[in-house]
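Alright, here's a single protein chain in two forms, structure 1 and structure 2, each given by itself as structure tokens.
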Structure 1
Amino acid sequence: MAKIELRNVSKRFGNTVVLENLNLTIEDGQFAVLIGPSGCGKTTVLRTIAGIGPQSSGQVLMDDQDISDLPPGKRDLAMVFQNYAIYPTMSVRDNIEYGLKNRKVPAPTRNKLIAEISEIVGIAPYLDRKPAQLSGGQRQRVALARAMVKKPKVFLMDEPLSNLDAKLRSQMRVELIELHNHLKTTFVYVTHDQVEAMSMADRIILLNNGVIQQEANPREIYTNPCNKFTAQFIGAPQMNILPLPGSDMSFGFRPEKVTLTEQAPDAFLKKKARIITREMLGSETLYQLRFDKQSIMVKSLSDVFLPGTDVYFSLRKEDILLFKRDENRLYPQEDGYGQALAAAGRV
């Protein structure tokens, strides 16, 4: 296990700045997930930690030791890639053993490690098969096993589940959580899929344009986003954001916080709207509502409202978030909060 720290790390490709003075600490044993839109810099951060794409400036530390100039093979970490990177002409056993042979690990130790790790990841029956004879999930487990036999201090994972179908992705998410709990090793995981981030992470690091927008556990980042970008990136459907009447500010609320009724309710914010679409999602229903040339999404347990009908939607004041002109949150302790909240109630 190891703590990873990036201090004032910058990365440039020619005149393009991908990271600028990035500071990040990933604690020992943590399951940290880097998430953000395409091109935000998350894979660059991972490659910087690995030493594959060294930083242009700044430091990378492992357990407070500067490893900035260490080659990848000396960094005591293992990386699992999106495309698995396993050798098609080798058996599963040979794929797992390959790195151990290069490190001149004795044969008895190699055999013991392979037996132990293959049992953990559930590929013991397939050791003599070739990758072409395996499913996508089994090939992913081979890639994990090959990383695990190195007994690294840190696992780096670059969108390792993106090539799997939805059912396998869900299964592998559970297996990776169990694997992390078993190994107690530091995991740094890159994804664009917020379901993966929310379900797997101890800590989410949300990036945009090479800048950390927010670092928090999944519950905190969902319920208490610190800016408009975080509020709208995390959550599906995304948070509804509406302009605040009479100002250059805005306010937001999660789709599941909205109550729908046929009659006008006694509520802090209430507004008549028309249902435009209805999407049945099993236990939940998504509605698109339109009012005053604006649209919002509502997630409801009720499926009784039909497209084309008028309803009232309402909100409690505690479910409303306020955002300043610079798109950062306006918090209750700040000047102008009460006035802005009252304006939201009059939308």
Structure 2
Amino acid sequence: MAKIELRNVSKRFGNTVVLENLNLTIEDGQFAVLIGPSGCGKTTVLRTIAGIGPQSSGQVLMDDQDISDLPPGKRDLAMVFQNYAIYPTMSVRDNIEYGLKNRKVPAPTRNKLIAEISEIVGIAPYLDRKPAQLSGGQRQRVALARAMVKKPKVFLMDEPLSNLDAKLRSQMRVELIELHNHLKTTFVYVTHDQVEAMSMADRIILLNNGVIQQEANPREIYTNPCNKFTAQFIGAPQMNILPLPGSDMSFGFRPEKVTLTEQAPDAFLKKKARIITREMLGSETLYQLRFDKQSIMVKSLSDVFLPGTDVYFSLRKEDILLFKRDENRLYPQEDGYGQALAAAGRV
């Protein structure tokens, strides 16, 4: 159990700056998910915490102790690598045991731990196999077991499920959540998959180009994004963002907040539009609408509207988010909010 803190951490590879003055705190016992587009620096943050490829400047603290100069093996954390990084020449048992041996854990304790952990992650039958004889899911479990067996204060996981098929992924997702509930250890989990982030995180840290865009719990980050990037990154299909008439600002709304009707409704924002495509998702239906050369996505419970027909779409006042010219949110308490919202209603 430990709190992790990054203070003014920068990381450069030659001339490329990947992180600059990053500040980040992950509370003890938290399931923190680092999410962001590919290449934004998620792995770099994780490696900085682990101490592999150390930061160019800044400090890493664990429980308020500066561990910047501590080698990775002495940091009391375990990492699951994106491609697992299992030792190919060692059997599953040796893979799990290696870290314990290096820490001079006595053999009886080692055997007990291995038996216990391999039972939990379900690899007990494969302990004497070589990694090459395992499936992707089994390898993933070996990597997990290798991390768990050390009983670390912090788990670092770099897209651990990205190489698994959809079914296994959702199964492992549940298992990891249970594991976290059971261990109550700090987890730092990297993913580029927002479903994983939303379903697993206590706290989501959204990163773009090495800069933290927003840090909040899943609900907050979904309903109350603080800038355009966050608004559009989280949520599928992504939030509709349209220019605000008569200004250089913009406004946005989630596809599922739109109501579709055949007759003009009585609503804050209403507009006639043509249905371009209809996509059945099962319980919901996804429509693409076009009006005034603009296109929006709508997620509706109703599947009765046909492509080529005209409908009215409408929105409530409270479902509209406003964004300033610099792409940050314009909040209700700020100057010019009322005016801008009124402009949105006149679209």
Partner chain sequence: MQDTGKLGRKVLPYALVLPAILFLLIFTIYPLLDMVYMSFTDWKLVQPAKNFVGLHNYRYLFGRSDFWNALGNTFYYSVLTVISQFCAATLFAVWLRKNTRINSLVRTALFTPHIVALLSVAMVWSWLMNEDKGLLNMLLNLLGLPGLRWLNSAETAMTSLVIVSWWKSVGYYTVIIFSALQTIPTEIYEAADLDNAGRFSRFFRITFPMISPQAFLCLITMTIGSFKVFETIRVMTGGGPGKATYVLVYYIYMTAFQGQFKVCLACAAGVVLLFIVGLLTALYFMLLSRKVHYQ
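Numbers given to residues start at 1 and step along the sequence of structure 1. Each form is matched to the other, and the largest set of C-alpha atoms that superpose within 1.5 Å is called the rigid core. This is a predicted model, so every value here is computed, not measured.
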>> Which number belongs to the form predicted alone, 1 or 2?
In response: 1
>> Checking F253 here: with the core superposed, does its CA move 2 Å or more between structures 1 and 2?
In response: no
> Hey, does D128 budge by 2 Å or more at the Cα between structures 1 and 2 once the core is superposed?
Replying inline: yes
